[in-house]
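Take a look at this single chain in structure tokens; it is the form predicted alone.
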């Protein structure tokens, strides 16, 4: 059975039959010509991968507002600080990210770290270590402010300040962006294009990267996930670590099957104070061990995925 993308291509060509006669030779060519449906070229990535896995490591702890959301009841009296909540966030940079960094090295993979500017300024050595160990530093705003309601110039400064903090501390110039809870505004993409960013991830609409036109120029979307995301499943829905691992593995299995016929990208997201706990790193070890047993799977930073998208003649354009 043909996949949906091939069906649409062939149906579109077949629909022309009512206007343009197809002689027997052309009809035969259509059936046999692999370039007509591109099943093989559309499926494989430019680097030859069958399936690309993209891992995110959110570096947010230290940049949160006072009395930010945490596992504790949100019932603090006005004028007091939620001290145990503060310590929950501190775990992210004291234990969580260092533990995850060692695990990425164990498996030989590189990830994208979405960094909040104020968190980077509070823990500069950790931010530098992330980059020094070969991972991508992507921008994640200056702090946890709500940017979708900001005026154009205010939002532009907010994004730039966060990116500048990363570059100042790590020497790495961010080319990717992630808004707080993915909630970008109507001006965000134009601002990112203007500031020289190459991609954003605040989109859940596909399981593969695609191109948009922003101010007349190409701009890459590297889709993100809330399905394989620890803050949604573990913190938000109280999944256990083994439930999280099982769900991610099930997602991988399905995408791996689909990747035989079409371009597929899998995203997995971890947050410093959640994904860096011992049980979650153990779950991640199960996930990565399982994935790496499959042929044709590669792990790529999101800036690498964006670069492939710009160079890929088969990329989806919207």
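Positions refer to the first chain, counted from 1. Every value quoted in this text rests on a predicted model; they were computed, and no experiment measured them.
Just so you know, the form predicted in complex with another copy of the chain exists too; it's not on screen, but the next bit is about it.
**Q** Any idea which of 240-248, 155-163, 191-199, 120-128 reaches within 4.5 Å of another copy of the chain in the predicted complex, heavy atoms considered?
**A** Looking at the other structure, the answer is 240-248.
**Q** May I ask you to choose, among 168, 213, 133, 183, the residue with a heavy atom within 4.5 Å of another copy of the chain in the predicted complex?
**A** Partner contact (heavy atom, 4.5 Å) among the options: 183.
**Q** Is the gap between residue 271 and another copy of the chain in the predicted complex 4.5 Å or less for some heavy atom pair?
**A** Residue 271 lies outside the contact set for another copy of the chain.
**Q** Is residue 64 close enough to another copy of the chain in the predicted complex to count, meaning some heavy atom within 4.5 Å?
**A** Although another copy of the chain is absent here, residue 64 would stay clear of it in the predicted complex, with no heavy atoms inside 4.5 Å.
**Q** Using a 4.5 angstroms cut-off on non-hydrogen atoms, would residue 288 count as touching another copy of the chain in the predicted complex?
**A** Residue 288: no, not in contact with another copy of the chain in the predicted complex.
**Q** Hey, in the predicted complex, is residue 46 touching another copy of the chain, heavy atoms inside 4.5 Å?
**A** No, residue 46 is distant from the partner.
**Q** Heavy atoms within 4.5 Å of another copy of the chain in the predicted complex is the criterion; list the residues of 65-100 that meet it.
**A** 71, 72, 73, 75, 76, 77, 80, 82, 83, 84, 87, 88, 90, 91, 94, 95, 99 sit within 4.5 Å of the partner.
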